[in-house]
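Coming up is one lone chain in structure tokens, specifically the form predicted alone.
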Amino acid sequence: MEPVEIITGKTRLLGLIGYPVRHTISPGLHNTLSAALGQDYVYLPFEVHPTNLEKAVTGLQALGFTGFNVTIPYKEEVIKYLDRLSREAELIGAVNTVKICDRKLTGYNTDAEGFARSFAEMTGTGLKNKKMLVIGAGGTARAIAVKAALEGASKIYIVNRTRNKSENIVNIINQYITDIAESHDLDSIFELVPCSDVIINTTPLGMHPDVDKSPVEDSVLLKILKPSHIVYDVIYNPDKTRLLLCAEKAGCKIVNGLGMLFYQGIHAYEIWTETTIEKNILDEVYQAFLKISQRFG
């Protein structure tokens, strides 16, 4: 039997903390990426009980980790244990990536960059000068809306059942970036879709196993959607939600959230390793990532 030396004393450590993390596909992505690049890193998931978050962060720092991802439910709470934040993370108010350098912990939000890169890759266009309609006002909506504003979107409409949540995002964008955001009730979708270039669903409506749900009724959408619309759903299981199927029927360009998930992980890896990943490597890793995601689908 030949000896196995995949992990040695020189191997650098990356990880994920959350609760739960048993179904995460992040280790598959990052370890595949390290193998493709010939980088001596290993990525491990850690299920951290809510009472142990501070200890976990301190422990990862003490163990010499290069960095780690943060997932539900700690993206906001982890901020209190960090030394500094990137501008995007500060505006978004949530962190999903932490880099440790010289014992200092810096928080980033790569969900925003993941969205922007997947949008450009899948649609062939950017966010600049786009009129965006964002459905939902949770953490993902905030990340997307902030990134769209920073990228030069001309208008951002945010619709949500709870107006105070959408108004909070609007205030952040208008006060700290540029005055282009508006908050609306869900009933306003009928009027707002014709005024928008891009419609984005950030709610869980349509996610497996509730595949028959949609944030907007099909009969309403089919009346107001045009082939020029881009419809983006952050859900990736199923790969075509009811919303996307309806938009496809209307002739729209449709995009699901798998690319966002992929590119947020890619950007995290770039931050940790200070590596620029060439497109041919990205293409190879993405094909492997598709296989990984299908196993967990």
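Heads up: residue numbers just count along the shown sequence, starting at 1. Here the structure is a predicted model, which means the values were calculated and not measured.
Below: the form predicted together with a small molecule, not depicted.
- For the marked spot (Ala56, Gln61 and Cys101), a heavy atom within 4.5 Å of the small molecule in the predicted bound form is absent from each of the three residues.
- When the small molecule is considered in the predicted bound form, only one residue from Lys223, Lys80, Arg161, Lys128 comes within 4.5 Å through any heavy atom, namely Arg161.
- Out of the listed residues Ile235, Leu244, Leu29, Ile230, Ile235 is the one that sits within 4.5 Å of the small molecule in the predicted bound form by at least one heavy atom.
- Comparing 101 to 109, 171 to 179, 203 to 211, 145 to 153 against the small molecule in the predicted bound form, the single stretch with non-hydrogen atoms within 4.5 angstroms of it is 203 to 211.
- For the chain shown alone, Pro45 is not a contact residue for the small molecule in the predicted bound form, no non-hydrogen atom being within 4.5 angstroms.
- Contact check for Thr140: a heavy atom falls within 4.5 Å of the small molecule in the predicted bound form.
- The small molecule in the predicted bound form is not approached by Ile271, whose heavy atoms all lie more than 4.5 angstroms from it.
- With a 4.5 Å cutoff on heavy atoms, Ile254 does not count as touching the small molecule in the predicted bound form; it lies far away.
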